[in-house]
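Take a look at this one chain, the form predicted on its own, written out in structure tokens.
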Amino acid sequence: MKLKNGSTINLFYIPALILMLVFVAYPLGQAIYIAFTDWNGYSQHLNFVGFSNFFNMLKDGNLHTALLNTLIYGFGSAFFQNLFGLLLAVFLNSKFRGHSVVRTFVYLPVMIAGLIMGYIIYYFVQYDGGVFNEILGWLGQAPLDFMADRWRAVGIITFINVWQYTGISMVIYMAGLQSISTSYYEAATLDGANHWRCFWNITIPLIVPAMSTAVVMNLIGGLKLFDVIQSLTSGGPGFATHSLSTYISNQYFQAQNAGYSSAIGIITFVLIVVVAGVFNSFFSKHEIEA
């Protein structure tokens, strides 16, 4: 449609714009409003409390634990997902017998819902009758409560997230590798470059766009990790393994503190936007056109 000033507008954008307003902008606005109230989640009355919910975060030890865990889940998962994803992509980019089977095997966990994955792993690590403790029993060892220690539990959750979504990074990196012209490697080989120099000076710079996509996706996924934690530990023992996402759920449904939960949600949203923006900016400065 052409406007009076000569510019045009595509009417096909309108349905998408309406959906964004209804399902993104409006809920976000409501969440910001609730964050400044003491709403309990079900009452018809909301009292404005200003920035009290945000100030309460400064002295909430459980929130600090959840924030640290969230950073571990986010940055720890993203690091290993991209490391293993890149290594697998380089390995599987070469043609060998059965490479399609290996690709499928690596990508298969992505197709399992995170909530289901948590329940599956629970039957491996539970104290009574868990698969790992059954194996320890056969070896004459005492059973181990895998999820009783905070750091071990956080490590297990991070490992599950890495294992489940490394396949996504692998696919992204393979797409990036296959877009690189072989002429670059041929020219470098003629100049005497070995495989390591080709990888470091040609492959890495030219897959920066793929790396940007993979890193940011993995970071966002890790920073908002919820389903695996909820099904595996429910944030326990105590509040030891909560992420910000699961702690939001805990404060809303268990503590019936919807205002405080919304405030944490706003901080989580800002954290993810800032982290994603910083990494996007960093990678955009290092992109090289092929």
Partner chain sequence: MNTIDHRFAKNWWKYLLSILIVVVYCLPLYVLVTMALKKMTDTSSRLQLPTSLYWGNFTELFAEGSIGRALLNTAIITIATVAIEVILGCMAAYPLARHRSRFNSLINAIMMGVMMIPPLSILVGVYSTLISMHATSTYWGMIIVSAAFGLPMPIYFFTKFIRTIPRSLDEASQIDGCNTLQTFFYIILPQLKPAIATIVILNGVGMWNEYGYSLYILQKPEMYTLTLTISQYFSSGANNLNGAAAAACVATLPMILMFLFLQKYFIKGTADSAVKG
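Here, rigid core means the biggest group of C-alpha atoms that superpose within 1.5 Å across both forms. Positions refer to the first chain, counted from 1. What you see is a predicted model, and the numbers here were worked out from it, not measured in a lab.
The form predicted in complex with its partner chain is left out here; the points below concern that form.
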In the predicted bound form, the residue from Ile157, Ile207, Val106, Val215 that sits within 4.5 Å of its partner chain by heavy atoms:
Val106
Just one of Asn56, Gln256, Ser249, Asn62 has a heavy atom within 4.5 Å of its partner chain in the predicted bound form. Which one?
Ser249
Please check if Leu68 has a heavy atom lying within 4.5 Å of any heavy atom of its partner chain in the predicted bound form.
no
Indicate whether Gln126 is a 4.5 Å heavy atom neighbour of its partner chain in the predicted bound form.
yes
Given that its partner chain is not shown alongside this chain, does Tyr26 nevertheless sit within 4.5 Å of it in the predicted bound form, heavy atom to heavy atom?
yes
Is Ala31 part of the interface with its partner chain in the predicted bound form - any heavy atom within 4.5 Å?
yes
To test your reading of this chain, name the stretch in 70 to 78, 162 to 170, 143 to 151, 190 to 198 whose heavy atoms come within 4.5 Å of its partner chain in the predicted bound form.
162 to 170
Pick out the residues of 104 to 120 whose heavy atoms come within 4.5 Å of its partner chain in the predicted bound form.
Thr104, Phe105, Val106, Tyr107, Leu108, Pro109, Val110, Met111, Ile112, Ala113, Leu115, Ile116, Met117, Tyr119, Ile120
Taking the rigid core as the superposition reference, indicate whether the CA of Gly277 shifts 2 angstroms or more between this form and the one not shown.
no
